[in-house]
Every structure is written in C-alpha cells, then in structure tokens.
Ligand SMILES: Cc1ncc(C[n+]2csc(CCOP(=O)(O)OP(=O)(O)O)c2C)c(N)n1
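The chain below stands alone and is given in structure tokens; this is the form predicted on its own.
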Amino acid sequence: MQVAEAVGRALVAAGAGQVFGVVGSGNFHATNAMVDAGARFVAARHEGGAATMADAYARISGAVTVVSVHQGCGLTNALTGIGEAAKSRTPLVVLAAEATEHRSNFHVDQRALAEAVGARSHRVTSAAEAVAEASAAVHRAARERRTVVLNLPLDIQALDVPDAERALAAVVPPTPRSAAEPADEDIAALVEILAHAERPVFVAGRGARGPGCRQALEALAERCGALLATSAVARGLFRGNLWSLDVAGGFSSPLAAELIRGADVIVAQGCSLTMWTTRHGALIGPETTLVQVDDDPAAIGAHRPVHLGITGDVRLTAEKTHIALRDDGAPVHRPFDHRPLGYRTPETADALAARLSWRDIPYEDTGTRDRIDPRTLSIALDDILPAQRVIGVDSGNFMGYPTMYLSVPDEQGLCFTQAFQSIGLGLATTIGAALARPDRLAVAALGDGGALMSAVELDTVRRLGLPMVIVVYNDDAYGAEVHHFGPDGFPLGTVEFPPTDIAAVARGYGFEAVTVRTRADLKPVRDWVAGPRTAPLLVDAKVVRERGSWWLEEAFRGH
C-alpha cells in the first residue's frame, strides 16, 4: 500500500468521516482512499468554499472534519477559510499535498502559510510513519480543538508503507476530551461573588454549547437571580427562558444592552469577551465585577482583564457552584430563597416581555416601491420560513438583520463564521451546516458582495440537491464601506456597483428565484415553503441603502 492510500485510510480510521475539497493531481489518491474507506466526500467548486463548508460542518456536528486540497495553489485558495476555522478553534484537518522540490512551480512554504493564519502544521515525513502521523493530526485537532494542516509531500506519496494493514489496525478515534475540573478555591471565590451580587448576568459563548450546559447554567442563574445572555455564536442557547436577554454585544437590543450595562457582576461562561461581545467594553460598567470561566487557561483575560478567572468546564463549574450555594455554610449575606432575587424582578420581567426582541421595537419603515426595508424583509421571512432552521450569515453591513430578526430554535440554529470577518463565506457556511443538520431548512443570508464572490458554490447547492433558501440583501454595494466613509464625503465609486440581477444568475444554476422589492413580492417564497421544494430558492432582495445598520454604527463608535 502506498503512502497516499494509507494516509487517506488512516484519517478515516481515526474518526474523520466527512471530507470537503477540490481534487487535483496531488490529493487525488489520498481523497479516493478516504472515500473507499467510507468517508463522505463533497466536491466544492473552490477550495475556499471547501474549507468553509468543512468549518461549518465541524462546528454543527462536533466531529473532526477534513478538507482535501492540491499542493501550493490549492492550499493558498483555501487560506481564508482555514484562517476562519483556526481563529474559531474548529477541530479541522486540512490534508494538503505538498511540493517539497523548490524548483516546482507549486512550491510554497506550506508550514509557514498554515502557522501564519493560526493553524497547526504537521507533515508526513516517511512511509514508515505515515499512518501514525496522519492519525496524530486528527487526534490533535480533536484534543486541542485546533485546525491542523497535514502536509503530504509528493515525493513520499508513492512510497510503499511497510506492514500497512497492521499499522492501520492500530488506529483508533480520539477519546472524548475530559472535562476540566475547576479548582475548589475558584468555586469558593465565585460563590462569594454571586452571593453578594445584586444584578448578575451570565454571558454564555461557544464553550457553553455542550451537553448539559444549558440546564446547569439555568439552574445556577435561577439560584442567584441572574439574567442570561449569549455571544452571537451561541445564540439560541437560552431560547424560551423568560430571563434570556438573547445576544450580548453589537447585536444587543436596547433593553438587553441597558440591563447588561447595569449588571454589578458579569460571568462569561465559555465566552471570550471580544470587543464585539462587549461593544468595545461599553457593556461592562466601571464598577462591574467580571468573571470568566473557560477550560482553556490561555483564554482567561485574553481580550480584557477579569477580576476572577476560572479554568474549568462550563457545566462542571456551574454545577459545583450551584451545589456550593445550596450549602448552609455558603457565605451568603441574604437568604437565597428570597424572591424577587437579583435581577429577576417583576419590573425586569415586564420589560423583557414587552421590548426585548428587535421585532418588538417600533421603527419607521423606509421602504419604497423599488427597495424593501431590511427589517421588514427579515420580519416577514421569519414568519414565512419554518421554525426548524439552521442559518448561515455572511459578513457585511446587512448581517445584523438576519442574525437578530430571524429566530433560531436552539444553539445549533445559527452558524456564525465571523472570526475573520471575511465576506464571501456565508454560502459555503450554510452548505456545511445543511449537511450537518439535514433535518432543518438551511437559510443562507448574504450581502450582494458576498453572494457574487461565492456564486460558484451555487452549483454545489444544486448538485447536492439541498432544499436551501438563499436570501441576498442586495444594496449594489459594499455597504459597510459606503456607510463608513460616505458620511465624511469620501468618493464611493470603488465600493458601489451597477445593479446585478442575482436572481437571473441563480436561475442559470438551476435555482428557483424571486426578486423582492416590497413585502408583496414575498408570495413566491410562501409558495416555495409550502412545497414541494424540488429546487433551492434564491431571494434577490433589493434593500434600502440610505443608512448603515445599527450594529455597524456601534462598531464605528468603538474605533
């Protein structure tokens, strides 16, 4: 057995059963070996799309996923998607053929490229070690929650692997990560803080999306009277909870922002407290005690100083803290069975019921005969589309509208690939999420810039037969730049474009498509939802473009 086949088989034996990629001469045999070993392969039309599909699939499924690319240019084409995955700590293996001969036109320093975007670099160094090295890449991706680039040199691929079957028989999938135990003294410190908190708020992030986390956090929050919020990537975690504030950060509703700012204690539960989650720190009051719980000690205080950092699993930390608060000997200054408790007052409950959601906030509809208000569009789509959905969102001025106006059923309802904030990832994100959750309707929310940048993957949607809805918030511009520089009088010719009939482009790929200028134009969307959904649907929504979105204004104020 040659190295290329052995590596492909080893990756599957180690537990990587889903592969995305674009196949060239350098990764042909290894990719076919993965398929022969039982992996599912999805051919993308561009390596950047393949990397982002794999990233999204891994985020939603929780399984280590593989991207397979050609040497040199195949890897460079995929780098933006790899960078997004690496920044998000997605467990991903990038199988990259490698030209080690410097005279080859495909030669680049692939190790340096991987490390430059935050990925870890491995290399298959010999025929004798090929199986072990491939298995180690999967294990590291799973154990460390890292994106690993596994370089497979061309001059090694055709070598014979000694005793390959025995080596492959020894490959096993990685064992599940053990939950990090918080230190007793840290639990005691958190108990002391919560016992004296008058207005506590929990902000849960990606690290709180695991089994049992919601229940543990809700129980602890009820015990100490805390309100519950999430970062954007964990949106939906507390859906249905009467004390949920939805998303903390630039997407927060005015009421949510007001209540978070008023907290005397904020506990970040598996949340990295980036500038976006905290509105550049504006959501953290000057007297607020800030606590961060994370199972990675390097994450504690990485984005802003905290008063207490706890290295520990979110669920375990919440459960241990809850037990300690029930203990009669807990250092409390008031009885924990007193009601109302903390932030959970009748006044807060009334406010949350009346005006938490962006849908509840009155607005002046700025739509015209030719362009629809993005709020009106998003509210209408929320009513039309099935509740069981998984949403992928591209980056841009428009992105707050689908993120906050389209509801999600739970923490797996939104795949938010925004760590790199690159436009053009939303469509591939939604393809990966759709394959991970085939039981839900996949909804891609794109700007026109990102839609046209990634239009080649419309072919992938149609070829896979995905019953997907793609909504393009089309303002014929790179809206973020228009609204950033336009008010200061800068020329905008480089970021504005002539109108494009994106619906016609989609029809060319085999989609059903509709152009929407007013709410009345959405009837074909209702008809499509009613069935039979034999082809994917693209909605080319011509949205108003006179002003920037609220979240963009908040972001600009932070600079």
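When you see a residue number, it is the position in the sequence shown, counting from 1. These numbers were taken from a predicted model, which means no experiment stands behind them.
The following text describes the form predicted in complex with the named molecule, which does not appear among the structures shown.
Proximity of residue 423 to the named molecule in the predicted complex falls within the 4.5 Å heavy atom cutoff. Shown alone here, residue 449 lies within 4.5 Å of the named molecule in the predicted complex, counting heavy atoms only.
At a distance threshold of 4.5 angstroms between non-hydrogen atoms, residue 147 is out of contact with the named molecule in the predicted complex. Heavy atoms of residue 481 reach within 4.5 Å of the named molecule in the predicted complex, making it an interface residue.
With the partner omitted from this view, the residue of 475, 457, 295, 133 that lies near the named molecule in the predicted complex is 475 [heavy atom within 4.5 Å].
Taking a 4.5 Å heavy atom cutoff to the named molecule in the predicted complex, the contact residue among 397, 417, 317, 269 is 397. Picking from 256-264, 449-457, 462-470, 429-437 the stretch near the named molecule in the predicted complex, with a 4.5 Å limit on heavy atoms, gives 449-457. Contacts with the named molecule in the predicted complex, taken as any heavy atom within 4.5 Å, map to no residue of 1-38.
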